[in-house]
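Take a look at the structure tokens below, where one protein chain is shown in two forms, each on its own, as structure 1 and structure 2.
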Structure 1
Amino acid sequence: MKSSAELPLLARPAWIGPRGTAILLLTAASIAAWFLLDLTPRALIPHAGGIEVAKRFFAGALQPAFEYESEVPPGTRPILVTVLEYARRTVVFATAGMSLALVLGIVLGFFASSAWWRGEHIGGASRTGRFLARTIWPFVWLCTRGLITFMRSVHELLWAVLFLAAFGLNTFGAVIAIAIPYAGTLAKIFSEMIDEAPRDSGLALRQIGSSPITVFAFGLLPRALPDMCAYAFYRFECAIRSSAVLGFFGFPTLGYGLAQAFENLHYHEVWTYLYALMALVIVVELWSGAVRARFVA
């Protein structure tokens, strides 16, 4: 008979693991938040006016407007053309913002990643190379990290608000407002992907004396590129949503038309805009999903 001493030695089970702690923490914080915000379930029951609004709002879901709900001056463009025009501009601002963000994000992502200068054999044999790798690049790395954290800590709508206050309403402001936080996010994720990509070819290049830039461009970047492309495409989808919401601040995108229809209580028109936005986002999501499946095999 086997004695129990021969059983494999296991760590004693903890009462609550890290996951349990996380869940308990979240629950406790939620209860605290409930009291902090003075929430009552009763506030969830819409007031009488609210119910009326809700009825008319959800009735609109079944019949999105194909014509304006009120009298319009003759010669006004049909509503579908208006919606399409707003949708087109939504895509235009998202694309322009995203293209700027991509360029900025790649440059900042390069300086925010550490795999190409950190470690052994850095900077080759030359003295300047070692100096760069031991003092300059770490310093640049730290500054870039700080910069991209700040860029993405401020929401794109708040960037837009800041630009509105600083320059006045200008469509280029919308593009930059999208570009700045998105560049920060892309740079962060890109640098993480580069740092986490397999190092084999990078190390091989380093051992034959390549410069850090060569290690980056030919050793590390190609390994991370598929993931980077997939992520950039996902962010494009987010950019379209952001671009639509910027309309609430006066920029000519889908949110603008939506807010107008909502304020005029034209709920059928609201749903036309909502469906247009949904169609746009879903098309991009399915497309990016299909592309990602090819990229990240």
Structure 2
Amino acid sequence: MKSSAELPLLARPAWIGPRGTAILLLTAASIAAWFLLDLTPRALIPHAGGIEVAKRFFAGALQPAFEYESEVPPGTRPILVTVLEYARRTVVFATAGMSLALVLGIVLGFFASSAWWRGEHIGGASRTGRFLARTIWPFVWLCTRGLITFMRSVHELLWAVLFLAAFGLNTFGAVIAIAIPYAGTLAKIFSEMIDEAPRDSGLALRQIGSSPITVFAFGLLPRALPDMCAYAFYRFECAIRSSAVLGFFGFPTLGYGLAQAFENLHYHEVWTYLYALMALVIVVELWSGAVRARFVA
């Protein structure tokens, strides 16, 4: 029997692990940011005029406008009809942008995923297949990752400004402004969901010599599809809000009416548009929740 002096010494656990180090670094960065930006709670205290504006604004929440607060030309549609029309256009812009983003997201998500080409090809692979897996597909994967990073790094508002300057107040430019960053985000998340999905079906298809496309379409994609659908519906809710915000650039969505009412200091009308946007988001959330429950089940 070995004496206690001969027994190997167990390594002591580190005083702080990688997670603790990351938390300390984030805490230090946060403190440094507060000092560099000279942030103080005193800056949140509004001046006298600001308090009066805040009172008028929040008072409008209790009495949203059902009629225009100022005189309008004869024949002008009632405000509720205008709100419903802006809400309809908000949904149309969001739907058009998301439909294009979904197509691009699935295609780019396929090329940004490595589950269908990386790893051992059980049952052997041809020389061409090995060449593709070792050279071409990694290069395509890297280029696709770079592309979707660029697409989602630029906010839809910046894309809207760019297309507004290039094409004017064009509805197609607004749709593209939503589709580009959303396609990049969808592609990233879709590829990660595919890579993290169970691969037993894909491996079984590889064993019988199926092509990478077949492995992806019938072995990997169905396993990740419920989570992909749930995330797509969540992004559609975000697209509704993005579509509304595009109204501040002049596109006929709820944001346009909201901006006009706020500029004219019609706070009751502002809350009418805000409540309409809230109701729209709630309806979409209830509908998407029901659809997600059916997909997940």
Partner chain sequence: MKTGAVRHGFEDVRPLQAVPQLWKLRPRSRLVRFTLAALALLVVYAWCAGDIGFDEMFTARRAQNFERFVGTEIQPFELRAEPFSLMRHVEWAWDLGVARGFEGALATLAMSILAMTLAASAASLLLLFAARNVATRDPFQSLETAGARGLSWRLVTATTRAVLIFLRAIPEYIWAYVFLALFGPSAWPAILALALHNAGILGKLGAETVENLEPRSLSALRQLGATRAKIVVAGLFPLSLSRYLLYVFYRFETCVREATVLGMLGIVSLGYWIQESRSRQFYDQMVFFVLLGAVIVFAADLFSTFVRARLRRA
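Start at 1 and count along the sequence of structure 1; that gives the residue numbers used here. Keep in mind the model is a prediction, meaning the values are calculated, not measured. In this text, rigid core is short for the largest set of C-alphas that superpose within 1.5 Å between two forms.
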*Which number goes with the form predicted in complex with the partner chain?*
1
*asked:* Looking at G289, what is the CA displacement between the two structures after core superposition, in angstrom?
replied: 2.4
